[in-house]
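Given as structure tokens, the chain that follows is alone and in the form predicted alone.
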């Protein structure tokens, strides 16, 4: 068994965990982070990419609203390469209660969130696909961002300051000696080797799995895993987010994302942390509610559905439904809370507030370690690279048209080049097509990997020369991740695309059947009428 010693062990490679590693490393603390898969493989990448301004929460959850606006502004400063700085429209549609609007305006004022009422005509001139029957409209600071690029940028910064980030290292249990947590026992998922990491302090940032990690030493963390379903449509029908002006509810916001349109999310589907199956009833909810904002969008081709599991911290909160649970976060010091020194847990929160969450738990950790250096993550701009161009509409196309040739294209939908793949391997140690999806958006466009997955796998094989069986397995995993969500929305023209993808992979490449429905999933055609 291999042993690693460090000052702080961070468990979880999502936004918060990587943010904690960066924060502590910048203070001079020795940090090791472990993640059971690739970075951002959990909830941090299973959302619509909205960077909330807090307008959504001003009445029901004012603390979360203030946190969101503060961090919205911070992200614009420190990660401009990951944020589309265009603002959003908040609209009142005929189904919404006009009496909500003055309360909402006052809530935004109290939270310090700047909004501006604009004419309905201005919205319809700039976004003609929006429901022409909207009654009132506002401009808000809500916007969209790229979660993978943001997490990679945080990881790159953490490494620059000396942090070690070990992906594909699964935590099997925390290690306890004389009543104190002193590390964790892990397994290297690539080699199968047992690894024990010993640390003066362990920070549990495992998100929806945080309760499971804490339970290995007999601790209880009151989390409620709540699953939401989202949809991707094949056309970018709007150029900025459009949100409804009403109390938070299912699928009341639509977001442009690169070349596609995203809608969601639903809420209230209580599940196990690893359950990312797609509830067909929730798909129908998203379609119905999206239609109210963008009439006709439900008839557009649906690329896929996917789900994300929120780690809602319930604490002592009473609630009738999951939307009443705060979207703020909590830092648990298990020494004072449970008499178990050596372990801190960070739970709850949102992707937008990851940096603030990391700062708070890092402050507590620094105090326990006797480190006096303050947090600087809100001041120092995150590193960038050429791959960040994909977030800006038209930027990748301009590059292809001016400096690349068509035979250099790996992903035609998202305009990812051979040079992008080579850069991912060289600078980010990309090993699989799924890594390229996360880093360069390979397979994220309208064919959903049908014509680029095997190109990416072949190019990776040429560059890395792994065992051919590993290449085939990685390609199958890529297809399964891309296409299990497609089955939940499949009908019409998309069924033809799925059939084409199936023929390419099973007949031409002779791979076993790629698409396997997850438990409890069914396609729209299988659904009882």
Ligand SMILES: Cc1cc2nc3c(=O)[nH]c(=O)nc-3n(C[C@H](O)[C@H](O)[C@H](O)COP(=O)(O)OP(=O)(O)OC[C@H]3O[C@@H](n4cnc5c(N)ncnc54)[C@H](O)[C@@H]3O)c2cc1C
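Residue numbers count along the first chain shown, from 1. The shown structure was predicted, so the numbers you read here are calculated from the model rather than taken from an experiment.
There is also a form predicted in complex with the named molecule; it is not shown, and the following applies to it.
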{"query": "Check all three, 431, 434 and 479, heavy atom within 4.5 Å of the named molecule in the predicted complex", "finding": "no"}
{"query": "Candidate stretches 296-304, 244-252, 365-373, 347-355 - the one whose heavy atoms come within 4.5 Å of the named molecule in the predicted complex", "finding": "347-355"}
{"query": "Residue contact check: residue 43 to the named molecule in the predicted complex, 4.5 Å heavy atom", "finding": "yes"}
{"query": "Any non-hydrogen atom of residue 136 within 4.5 angstroms of the named molecule in the predicted complex", "finding": "no"}
{"query": "The named molecule contact in the predicted complex: residue 34, any heavy atom under 4.5 Å", "finding": "yes"}
{"query": "Residue 308: touches the named molecule in the predicted complex, heavy atom cutoff 4.5 angstroms", "finding": "yes"}
{"query": "Candidate from 240, 170, 180, 423 lying within 4.5 Å of the named molecule in the predicted complex - any heavy atom", "finding": "170"}
{"query": "Among the candidates 486, 29, 50, 474, the residue which, in the predicted complex, approaches the named molecule to within 4.5 Å (heavy atoms)", "finding": "50"}
{"query": "The named molecule in the predicted complex - contacting residues of 1-38, heavy atom within 4.5 Å", "finding": "11, 12, 13, 14, 15, 16, 17, 34, 35, 36"}
